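Let's start with one chain on its own, the form predicted alone, as structure tokens.
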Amino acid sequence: MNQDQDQLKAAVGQYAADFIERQLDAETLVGVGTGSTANHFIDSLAKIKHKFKGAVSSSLASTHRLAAHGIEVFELNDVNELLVYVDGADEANDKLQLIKGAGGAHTREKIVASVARQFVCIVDASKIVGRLGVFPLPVEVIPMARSAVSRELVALGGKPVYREGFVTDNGNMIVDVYDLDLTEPVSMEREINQLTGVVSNGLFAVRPADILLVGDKNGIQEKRA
């Protein structure tokens, strides 16, 4: 990552904190994602931590970063609803459909996003694509099913590559799938999730972002579906 890209991530992270600040109150819980852009959001969120109750995190890494800033982290099982979920993405299209999972946290990210009233995705401009699929699609699988699922992914037209040496926070494996035809991301997301042994895949198309904040050299652009 070059310095300019990191600066864009920092800018969009700060913008997202400013964006949600007016919605916060003493009882608000904020859903927080995982990754380099989400880290910038966490750092910006720490500046206004006195304005909300705490956070629900999508990964152990984000939990540790939030706690280091003195932000209380709550278990999702103890929460009925989140006001907002803020997270980055590896790719985003004009329908606010996403590919996520470079950090291997997409299953937990989907779960946290599913209970949020609003999903705000934050990216730098390099993540915007005309069609999803340049970035490989991460698929979380039960360890004993890795080979079986990989054969099914080949049958779907993909080229699965085992992410060696990586274990998710759920204790599972990741298969990164190249060259899938993601012309219809909603149907592909559902089809892959139906494969026996798949926990979740990194397509966020059934539940896309509600708002996309894009950092580029001209500032921050707000996009809505």
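Sequential numbering from 1, following the sequence displayed. Everything quoted here is computed from the prediction, not taken from an experiment.
One more form of this protein should be noted, the form predicted in complex with ligand 5RP, which is absent from this view; the next part is about it.
Comparing 110-118, 149-157, 75-83, 93-101 against ligand 5RP in the model of the complex, the single stretch with non-hydrogen atoms within 4.5 angstroms of it is 93-101. Taking the partner from the other structure, ligand 5RP in the model of the complex has no heavy atom within 4.5 Å of any heavy atom of residue 185. In the model of the complex, at least one heavy atom of residue 37 sits within 4.5 Å of ligand 5RP. Mapping the unseen interface onto this chain, residue 89 counts among the residues with a heavy atom inside 4.5 Å of ligand 5RP in the model of the complex. Although the partner is absent here, residue 137 is not a contact residue: none of its heavy atoms lies within 4.5 angstroms of ligand 5RP in the model of the complex. Against ligand 5RP in the model of the complex, the set 9, 105 and 127 is in full contact: each member has a heavy atom within 4.5 Å.
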